[in-house]
Structures are given as C-alpha cells and as structure tokens.
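This document opens with one chain alone, in structure tokens, the form predicted alone.
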Amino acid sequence: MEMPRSLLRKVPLVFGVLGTAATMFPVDSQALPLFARQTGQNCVACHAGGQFPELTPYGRAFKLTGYTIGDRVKVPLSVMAYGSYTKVSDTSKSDNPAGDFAKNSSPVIGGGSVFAGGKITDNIGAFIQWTYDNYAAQDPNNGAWHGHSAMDNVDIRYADRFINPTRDFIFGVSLNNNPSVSDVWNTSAAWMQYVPGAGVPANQFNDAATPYPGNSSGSNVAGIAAYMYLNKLLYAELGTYRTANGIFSPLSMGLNNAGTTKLQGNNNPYWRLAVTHEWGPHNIMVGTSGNIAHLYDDPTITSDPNSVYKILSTGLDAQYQYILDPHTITAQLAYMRQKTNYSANTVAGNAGLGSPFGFVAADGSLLADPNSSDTTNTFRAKLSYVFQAKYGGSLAYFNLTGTTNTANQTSGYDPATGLITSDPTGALGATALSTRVNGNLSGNPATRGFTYEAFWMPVQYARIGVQYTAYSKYNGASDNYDGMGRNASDNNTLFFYVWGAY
C-alpha cells in the first residue's frame, strides 16, 4: 500500500536523524549483526573496510568453515532494512511517465531482510535470508502497491578443517538455493551486485538493474555442492541443482508455482575453480566458474520434454584486495559468457514468423526468423576504496554484448503504416505497436556504461551512499534505441540509499 504523504515528508528527516545520531557512536564499537555477535569480532574483521557483504580473508575462512567460528548466540537472528531515492535523467519520452517511472523523485522505504543461522554444531552452520519488498507488485486497477516476502539466499553447511605443519585443508558440503551463493568472493554471480533497491519502476535503470554476470538457473532452486580449500592456495567446488520442490520446497518458500524456477531433472551442474595467494596486507584470486541449466518454457507445464531449453554459463573472474588500516582497496573483474539453446517448441513455433511482434524492416521487407540460439557476453570491472572503514567510493564499468535476434525486438516498423509508433490511442490504426522506454529497435542486447559511487559508514552496521549510473549504450544503440527518440543517456540515474543491519 502506498505510504501516506505525511510519512513521505518525514523520510528525509529520518535519514538526517540517522546520520546525525550515528556520529555519536565510535567506529570501533562492537559489531551488532548475528555473525559479529557470534565471533566477538568487529565487522571489519570479516568485511573489507566494513563494506558488507565483501569478505576479507578472515571472513572467507569463517564462511568456508561453515559459519562455526565462535560461540552459538542465544537469538541467532539479524535484520536489515533500506530506504532510497531515485532520479532518472529524462522521463518525458514516455506515453505514461507516472507508470513507467513510478516513485521517481520520491523517497521510499524499500523493504528489508531477516537473517538466521550461524553456528549450529562444531561442524554445521547456516546462512538463511528471508526478504521483503515493499513494492513487489502494483494493482493495475487502482495503482496501489503491495509488498511480498519470500526466501532469498540459503546456505547450510557441514565443514571441517585439518591443519598440520605442511597442510591446511578445509572440506565442506553446502545445501543452497542459488549456484555461487556458496562462493566467498564478490566477483561471483550471486554477490557482485549487493546494494538493495525496491522493485519500483523508477529503479529500472539504477546500478542494480545494469548487466551483471549471472548463473544459468537463477535463484530459488535446490542444490548440493562439495568444496575444498587447500593451503589457502586452491579452491574447488562441484555441485548439481534441481527444482526446489518436495522436501526442498523451503528453499523456494514464498513463491507461487509460476514464480518458481523449474529445472529438468538433477543434471544441472555448477563448478568453480580458483587459485589464491596472500602476502602481507595483499590477497589475490583468479578463477573460473560455470553452470548448465535445463529449464522449461512455462514453469507451470513440466510434462513436455520439447519445452526444455538449455543455458550454458562459463566465466572468468579475478579479485585483488589491499587491507591495512586505515586503507582498503579492492579491484574486481568478472566475465561471463552465456549460450542459450531454445527449446524445440520455441524453434518450431518461430519458424517463418520473422519478428513475433509483426514488425518489418524499414524498406517493408520481412525480418529474419528468430534465432534457435543466442549468446551474450557480460563484463564488469569495479575499483573501490575505503578510508578508516568509514568513507569510501567506487567506480564500476559494465558492458553487455550479444547476438542480434528479432525475438528481442520490441520496437519496429508497422507493416500497415510503415511507421514506428506506440499508438496508445489507436488513432493511426497500427497493427504492430512499438514499446517506449524499454523498447528495442535493433534486437540486440548491447548495454554499456559506468556507475560512480560514494558512501559513508557512520557506524559499522549502517551505510549511506549515492550512486550515479551513466549509460553510453542501451538495448543495442546509443541514440534512439527504441525507435521513438529515447537515447541511452536518458536512462542515467541518480540513486541515494540508506542501508542498515542489526
């Protein structure tokens, strides 16, 4: 439900009070979230420069040993909440700005998460996240917003460590619901994007919505992965995933049948290999990962084997950290190639169709049939710096390229009028309507740009930040990407956030 205007007017005041009050607490105070209470450590022990969730070598060891370091806490719970403000550069090139950019230039209380877990036994521990989005859905009739909660990340582990003068060997097994959520580096698909944002249309172009490396299956699936870490040098992990149903249904709790990812069988493997090295205040990792997923065109219909499509993801990544008080520097690189082979039903259904939206080329000729397979390449690079675990900033670059496919074309020339028009009133009698704002005239996914960020952590469990995301290419073009005058730079977005955990 939409917040009352009186409450909205108070949100900036709340942000200001939080920032002022936070300066009264020393940065080296005892950490409050669950794992800090368990270990008795300051947040900067586990998180690089205190910027959660990026891990230090100690934080990686804590996770790899099954979240079992320290003593069990009486109430193994933590909470996280966030609020934000978004401003998109240009909202004028839209048939419905109030709908396409809802909550633009308005502060919102986005939602939050409840965390449970930590040490269960000397060898078993867990990380469980349940997340609530205050703007998960909007009523099409009256415009009222509705919140929704569901299971987010789950990682339940058994782990053991064997140490002698010549060997340091960690072995473990993880039951989780998201390939790479078990990873301990923030270049992995599950962790590289971590600043939360509400699911409002105004946020459709902020940094969280830019291209990130992703695994093939997505989240809310069920998998078991075995891993090992030898002499702080070699990390290897191998697992396989399936639909989170039956006894695994808690891993997708909160999602309805249509919203649950459906995988064919149990043969949906995930693998990870990394080489690491630590020396003095420095540590570095170079790795590779991959995932194969067999998914259904319609998750509610899983009886037809001809409706299964396959996604193969293969990636390379690297991370460097320098951690020596008062400085923390992190550099990250990640590349992911995804190849999608469409189902037999999709390929047969597209034969002879050209564009499924009925568009034609500029000269009136038919478009090529949709592809039977597509490939995308996603590259991200990020450099961040934190001073005194309090002041920081980052610069991120993203670049998505891929094959051109008429199935991706949501804007084009109407065969009846020869025009590109969204024609919301039907005045032109158009038969093929183009999409403004998110439309794609080229059928190519290419998207490129930078995100600039500055943040302040007045206390170790709170973060106030601002991001500016600037696009030089969107949906395959720099200018007029939707065919109706919208340019990539029109999507440039200012995003202010307040994020805290307890």
Partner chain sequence: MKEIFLTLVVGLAVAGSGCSNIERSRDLANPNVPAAVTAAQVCSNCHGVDGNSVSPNFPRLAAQQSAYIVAQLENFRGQHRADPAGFEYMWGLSHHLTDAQIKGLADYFSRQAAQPNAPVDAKLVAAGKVIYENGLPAKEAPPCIACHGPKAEGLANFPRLANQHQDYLIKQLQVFQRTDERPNTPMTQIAHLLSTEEMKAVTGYLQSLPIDK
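Positions refer to the first chain, counted from 1. All values reported here derive from a predicted model rather than from experimental measurement.
One more form of this protein exists, namely the form predicted in complex with its partner chain; it is left out here, but the text below deals with it.
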### Task
Would you confirm whether the three residues Ala190, Ser252 and Gly402 all fall within 4.5 Å of its partner chain in the model of the complex, going by non-hydrogen atoms?
no
### Query
Can you pick the one in Ile464, Val459, Leu441, Ala61 that has a heavy atom within 4.5 Å of its partner chain in the model of the complex?
Ala61
### Message
Only one of Gln41, Thr451, Gln51, Thr435 gets a heavy atom within 4.5 Å of its partner chain in the model of the complex. Which one?
### Response
Gln41
### Query
Just one of 169 to 177, 338 to 346, 354 to 362, 87 to 95 has heavy atoms within 4.5 Å of its partner chain in the model of the complex; which?
169 to 177
### Query
Hey, in the model of the complex, is Asn377 touching its partner chain, heavy atoms inside 4.5 Å?
no
### Task
Examine Ala198 and determine whether its closest non-hydrogen atom to its partner chain in the model of the complex is within 4.5 angstroms.
no
### Query
Ala45 near its partner chain in the model of the complex, any heavy atom under 4.5 Å?
yes
### Message
With the partner left out here, check for me: in the model of the complex, does some heavy atom of Pro281 sit within 4.5 Å of its partner chain?
### Response
yes
### Query
Within 161 to 195, which residues come within 4.5 Å of its partner chain in the model of the complex, counting heavy atoms only?
Arg161, Phe162, Ile163, Asn164, Pro165, Val173, Leu175
